[in-house]
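Single chain ahead, written as structure tokens, the form predicted on its own.
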């Protein structure tokens, strides 16, 4: 039977070529769409790593200019005490500009056992950062005042970095070097749960935390503040007034992490939405093309179908023949498309895991087969309804 079907397809190769090409390009676009969808879902189901609901971000600049380190420390310590004295404030932390849900980044590379790791995110924060963010410490500890006299610079890494550098081994106590200054060794004192700083759909990435020192206050521009759940606009107004009165030469801005998370999620989803629209457009084109070709074939083959019915073929057999022909055309297109798709995990394109590509490829294949099957059902029923006498009379 299949030999006969292949012969029929080969005899109409010019008619089927465009349809197969359309299926091939649709598969490739759907493969890209499903790769993005699986990638986003894989990131989405991972934990956020911290509690952002009641955390506000205060941005400031040019707050206090002095060459005296003691005066600078005193200035910001008074500011800390003023903010913390408010009943609605649970904790706060001074930190670098790359706060969660912002586009600011500070990346570099580190070296461990002569192997370099790129795209490492460097964060600088004070001792109260994990309490403010409700971060989970998985191993070791966070920074404290004893780290001031440490021989090797103490650092805390996130769980993604630990997995990349040390696998299932112990990270605490290990020495790694800064890629830009290999003579300066850094000692891991703790591991925290990775936090998704770029929103729900982006990976946490590699992360390394450094303890702020006396010079950090000169370039810091962010304060993370954890507030009570009942903190409202009236409190925000009082907080802004306190900051503006204290930092008279500074531009102060207060943002909520919940709003920043929503904004960065929209920005992340834009490529997926655009590709999904293109994928739906191509799927509709394939469906319309398939309907057109099958109807054309039925009208061109009424004599053949009538003859088959006259010699005893049932309506179901005629309908199945058309469905099988469509599925074979789809299979030939998917074989070619899978050859190109499988190159992505083999060549490690875009540094995504092979599981994401394989899942996307299987979803695209399933979608194409389902679409072709559904589009073949109605023309198949039309062919099965042809009466032998009428068809042969028309011939």
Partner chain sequence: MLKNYFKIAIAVLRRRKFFTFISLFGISFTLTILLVLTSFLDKVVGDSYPDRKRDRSLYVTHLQEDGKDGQSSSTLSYYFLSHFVSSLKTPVKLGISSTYEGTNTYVNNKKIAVNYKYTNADYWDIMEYDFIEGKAFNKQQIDNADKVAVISEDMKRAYFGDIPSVAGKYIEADNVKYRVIGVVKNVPITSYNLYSDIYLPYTVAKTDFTKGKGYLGGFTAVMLAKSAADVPRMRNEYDAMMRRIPMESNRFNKMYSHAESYLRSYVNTGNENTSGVTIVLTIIVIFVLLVTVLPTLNLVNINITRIMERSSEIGVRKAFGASSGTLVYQFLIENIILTLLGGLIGLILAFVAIQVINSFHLIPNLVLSINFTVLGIGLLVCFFFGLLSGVYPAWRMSKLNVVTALKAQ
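From a predicted model like this one, the values you see are computed outputs, not experimental measurements. C-alpha atoms forming the largest set that superposes within 1.5 Å between two forms make up the rigid core. Positions refer to the first chain, counted from 1.
Beyond what is shown, the protein has a form predicted in complex with its partner chain; the following relates to that form.
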The listed residue (228, 104, 245, 214) that reaches within 4.5 Å of its partner chain in the model of the complex by any heavy atom is 245
Checked 269, 185, 313, 254 for heavy atoms within 4.5 Å of its partner chain in the model of the complex; positive is 254
inquiry  = Please determine whether residue 305 contacts its partner chain in the model of the complex, using a 4.5 Å cut-off between heavy atoms.
reply    = no
**Asked** Taking the shortest heavy atom distance, is residue 326 within 4.5 Å of its partner chain in the model of the complex?
**Response** no
Does residue 172 reach its partner chain in the model of the complex if we count a contact as any heavy atom within 4.5 Å? no
Taking its partner chain as it sits in the model of the complex, is residue 373 in contact with it (heavy atom to heavy atom, 4.5 Å or less)?
no
Among 283-291, 146-154, 132-140, 216-224, the stretch whose residues bring a heavy atom within 4.5 Å of its partner chain in the model of the complex is 283-291
Contact check, 115-138 vs its partner chain in the model of the complex, heavy atom within 4.5 Å, ordered by sequence, gives none
Shift of residue 287 between this form and the one not shown at or above 2 Å (CA, core fit): yes
### Query
When you overlay the rigid core, is the Cα of residue 38 off by 2 Å or more between this form and the one not shown?
no
- Message: Relative to the superposed rigid core, does residue 341 relocate between this form and the one not shown - that is, does its Cα move 2 Å or more?
- Response: no
